[in-house]
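One chain comes next, on its own, written as structure tokens: the form predicted on its own.
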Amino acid sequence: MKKKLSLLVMAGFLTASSAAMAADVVKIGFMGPMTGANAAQGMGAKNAFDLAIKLANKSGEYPYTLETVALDDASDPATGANAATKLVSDKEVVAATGHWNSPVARATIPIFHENNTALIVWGAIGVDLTDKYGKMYPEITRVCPKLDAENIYLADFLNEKGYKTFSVIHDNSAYGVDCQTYMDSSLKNFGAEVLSTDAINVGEKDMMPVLTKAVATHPQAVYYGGVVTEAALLKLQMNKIGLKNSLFCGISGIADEKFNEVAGKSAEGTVIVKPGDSSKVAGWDAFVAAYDAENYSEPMGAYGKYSYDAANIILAALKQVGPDRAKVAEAIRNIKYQGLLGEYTFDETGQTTLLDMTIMVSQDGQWVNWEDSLYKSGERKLIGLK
């Protein structure tokens, strides 16, 4: 009787596995802000993700049609949670990548864990997403650097250039508060002094109250922990209030050409950290050519390369184990994948061990790699130093 039961169980398992392998359509989810103030980041990342899926279908290497399910999280935790619930409710969805905003990722991570479904974070950089949640949940990984690493990298660069006094301004979001916390500690570790710390509200238009406090301290540099729109307004108003001789700087929340568009000529000389260094990537030109050939309406943005690599990591896991959620999640955690930026592996928290970052400077209305800039060559000088 036991033998017959075992055979029946095995037969059922093989039937289920065969059915999974014989699927006509396999879906992979993408989540990011496709409406609202952060839509440019989300749309660029969505396009790059979509490109990976299209190229995989054209390759003929998969015995099923791959389909992108792209859902808007609107940079809102509740909207993100609804999107995640919709994705995991679709049995054809085997894995997903998601989020530019850490609060949204915090809202969706438990949903993916409860449904044994892999979530690769493509853009949210909150430290706890892997240090806490990834450590607890094997379904969670992240392909981009963490917020603390970006701030350390920026502080190290500025220290090397001779900046020793700072005013720190941040928005009141969890991201902004984390930026302030880690930049403060990073600057102090390099012997710099934080002369003032102030906060603004997301959506703030009048930056004069916080800038007035900063002016009184005469900082060599003003650091902003927040995102594009408020950063551009801060830089515009800095030049009007008497801080035009203080360097403006920040991390990847500002890494969007929208900053240069809104700040205009005031943007010149701003220094930021951008994750990844495409100048070192052998396949970068082919990637850009393929992206351009699709005639997407939006540029890929700072994080498009990460959503592209996230999609391809999921696809590589699918090749290994087939469209089985739990097996795909396990395969991702243990993968070794050569992506656009180098070889991806994940540590015990699900954080990528590939930590590549770049200093960018605003030059003539666009972000330019520091190494290729007129500032690096000495033809132009960063402000704030004697």
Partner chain sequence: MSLVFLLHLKNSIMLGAQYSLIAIGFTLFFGALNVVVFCQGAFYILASFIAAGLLSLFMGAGSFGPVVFGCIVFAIFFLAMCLTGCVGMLVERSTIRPFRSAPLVMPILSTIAVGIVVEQLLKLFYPQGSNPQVFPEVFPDAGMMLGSLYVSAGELVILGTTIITFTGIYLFLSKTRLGSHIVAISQDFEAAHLMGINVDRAIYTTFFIGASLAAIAGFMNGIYYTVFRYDMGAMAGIKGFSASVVGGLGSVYGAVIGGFLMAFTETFAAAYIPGGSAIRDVFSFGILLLFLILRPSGIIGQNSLEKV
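Positions refer to the first chain, counted from 1. The structure displayed is predicted, hence computed values, not measured ones.
Absent from the display: the form predicted together with the partner chain. The rest refers to it.
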Q: Evaluate K161 for contact with the partner chain in the model of the complex, applying a 4.5 angstroms cut-off between non-hydrogen atoms, and reply yes or no.
A: no
(Q) Can you work out whether Q237 and the partner chain are in contact in the model of the complex, taking contact to mean some heavy atom pair no more than 4.5 Å apart? (A) yes
**Q.** in the model of the complex, K258 touching the partner chain (heavy atom, 4.5 Å)
**A.** yes
Q: Find out whether any non-hydrogen atom of P209 is located within 4.5 angstroms of the partner chain in the model of the complex, and reply yes or no.
A: yes
Q.
Can you pick out, from T229, S196, T165, N312, the residue that has a heavy atom within 4.5 Å of the partner chain in the model of the complex?
A. T229
Q) Looking at D148, E204, E298, D277, which has any heavy atom no more than 4.5 Å from the partner chain in the model of the complex? A) E204
Q | Candidate stretches 269 to 277, 282 to 290, 298 to 306, 237 to 245, one within 4.5 Å of the partner chain in the model of the complex by heavy atom | A | 237 to 245
Q: Look at the candidate spot formed by N172, A216 and L233 and say whether the partner chain comes within 4.5 Å of a heavy atom in all three of them in the model of the complex.
A: yes
